[in-house]
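So this first bit is one chain, no partners, the form predicted on its own, shown in C-alpha cells.
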C-alpha cells in the first residue's frame, strides 16, 4: 500500500467519524425536539384552542378563523365602520356597517334571499346572562338585502348578497352588534365579509357574536369574555382582575417572607454552632416528609382560634378567611430552609474567618458577605416559591371562603365550573386556564439561568 493510499484511507476514516458525530448530534437534537413537543405541545394546542369558538370541536385541529389574516382585516374594517377603532370596535349612532355573504345552490334550484336579523342576544353565560345591558337590536335597522353578483360554474350557482346595518338611534353606543342570517337548507354557505362564529340548524343559520368587534375582541373573544363577564354582584368590580391581583400579591408576599426567613434559618443551621442544631434540622426534614393534608385540620383550628387565642388577646379575631391568616400559615416551608442550608454549607469558610478577623458581627457577615453570594439559590427559591403559591389550590380553598373578591386565581377558576361548565361553554374556561399558566411560563423562561444555577449549587456541599 502506497503512502497516498494510506493518506486517502485516513482521510476517509476522518470523514466517516465526522459523519457519525453529526449523526449522533442530530439524533440528540431530534430526541430533545420530541421531548419539547411532548411537554410544550399540549400548552401550545391549548392556547390555539382557546381562540376557537368551539374548543372541543371534533376532529381537533390547529387552525381557526381567528387566526386568518383576512378575518383580521375584515374585523378591523367592520370595527371602523361601526364607529370604533380597528382594534376595539363598537356600534355608535350614525354608523353604517356594510356586509356581504355568498351562498351556492345546485343548478336548477333558485336561491332565496336570506333573512337577516339583529337578535336580542344576552352577553354570555352565568352571571353575564343577567347583565342589564341595552340591546343593539333596539336601534339597528337592516337595509333591503340585495343581490350583488351571480355566477354559474360546473353546475353550481353562487350568489352574493349585500346589505347594510344602520344605527338609527340618537345617543346609545353599543359594545356588540350580533347578527343572524337564515336561508333554506339546500342553500349552502360559502363565505362572508367575516367568518361566522357558528353555523346552526343543519347549515340554515349563520350566526355572529359581534360583527363590529374590532380585531382584539374578535381574535381573543374567549379572553375578552373572561374579563367582561365575571364581576361581583355586591361591588360591581371585575372579579378576574381581582383574582389575578390577589394571586400576585400573595405570591409576592410569600416570596419575600420565604427568602428572608429561609436564608436566615439556613445560614444559622449551616454556620452557627448552638445547642440543638441537629435536632432542629431533623425537625425541618420531618416537616418536609409530612403531607399538608395531614396537618391542615390542626392548622385550620389554630387559625380559627387566632393562633392559640393570641390575636384575640390583642383585640383581633379569627384568622380564617383573611389574607393575614394565609400569609402567616404559609410564611416559609422546610424545603426552602433545606435549600438555603445546603447552599451556605457549600461556600468557603475562609470568607467568614476573614470577616471575623476584620471585626464583623454575625449579622454583618450574613448580610454583607454571605447573602450576596447566595444569589443563585435565592433566585431558584424565588421561582419555586412563586410557582407553588400561584398554583396552590387546597389551602386557599380552606382559608379563603368568601366573598369572591378575596379568591386567588385558582379558586376563581373553580367558580367557572358553575358559571360556564353547566352550559358546556368551554371557551372561557380554557382561556382562563391558559392565562393562569402564562406567568409561570414567562418566569421560567426569563429566570431559567438562576433556577439551574441555584439547584446545582444547593446540591453541592464542600
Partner chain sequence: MRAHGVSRAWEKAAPYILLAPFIFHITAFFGYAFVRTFYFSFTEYNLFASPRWVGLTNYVDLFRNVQFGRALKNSLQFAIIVTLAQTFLALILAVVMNSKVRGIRFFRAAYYMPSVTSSVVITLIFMWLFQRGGVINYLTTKFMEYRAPIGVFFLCLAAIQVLLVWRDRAGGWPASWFEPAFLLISSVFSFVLVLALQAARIIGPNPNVEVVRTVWLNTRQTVPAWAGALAVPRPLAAIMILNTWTTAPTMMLLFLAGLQDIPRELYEAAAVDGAAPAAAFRHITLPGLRNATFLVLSMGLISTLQMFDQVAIVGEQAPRESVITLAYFIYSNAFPGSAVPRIGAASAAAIVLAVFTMVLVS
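Numbering follows the first chain given and starts at 1. Keep in mind that this is a model prediction, so the values were computed, not measured. The term rigid core refers to the most C-alpha atoms you can superpose between the two forms while keeping them within 1.5 Å.
Quick note: we don't show the form predicted together with its partner chain, though the next part is all about it.
This chain is displayed alone, yet in the model of the complex one of 261, 249, 96, 351 has a heavy atom within 4.5 Å of its partner chain; that residue is 261.
Note on the partner interface in the model of the complex: the residue among 369, 156, 141, 331 having a heavy atom within 4.5 angstroms of its partner chain is 331. In the model of the complex, residue 236 stays away from its partner chain, with no heavy atom inside 4.5 Å. Although the partner is absent from this view, residue 307 contacts its partner chain in the model of the complex, with a non-hydrogen atom inside 4.5 angstroms. Using a 4.5 angstroms limit between non-hydrogen atoms, residue 68 is distant from its partner chain in the model of the complex. In the model of the complex, its partner chain lies farther than 4.5 Å from every heavy atom of residue 64. If you check its partner chain in the model of the complex, you find no heavy atom from any of 256, 357 and 374 within 4.5 Å.
The stretch from 386 to 394, 156 to 164, 98 to 106, 75 to 83 that comes within 4.5 Å of its partner chain in the model of the complex, counting heavy atoms only, is 386 to 394. If you take 425 to 439 and check each residue for a heavy atom within 4.5 Å of its partner chain in the model of the complex, you get 426, 429, 430, 433, 436, 437, in sequence order.
Once the rigid core is used as the reference frame, the Cα position of residue 438 differs between this form and the one not shown by less than 2 Å. Superposed on the core, the two forms differ at residue 32: its CA moves 2 Å or more between this form and the one not shown.
Relative to the superposed rigid core, the position of the CA of residue 291 differs between this form and the one not shown by less than 2 Å.
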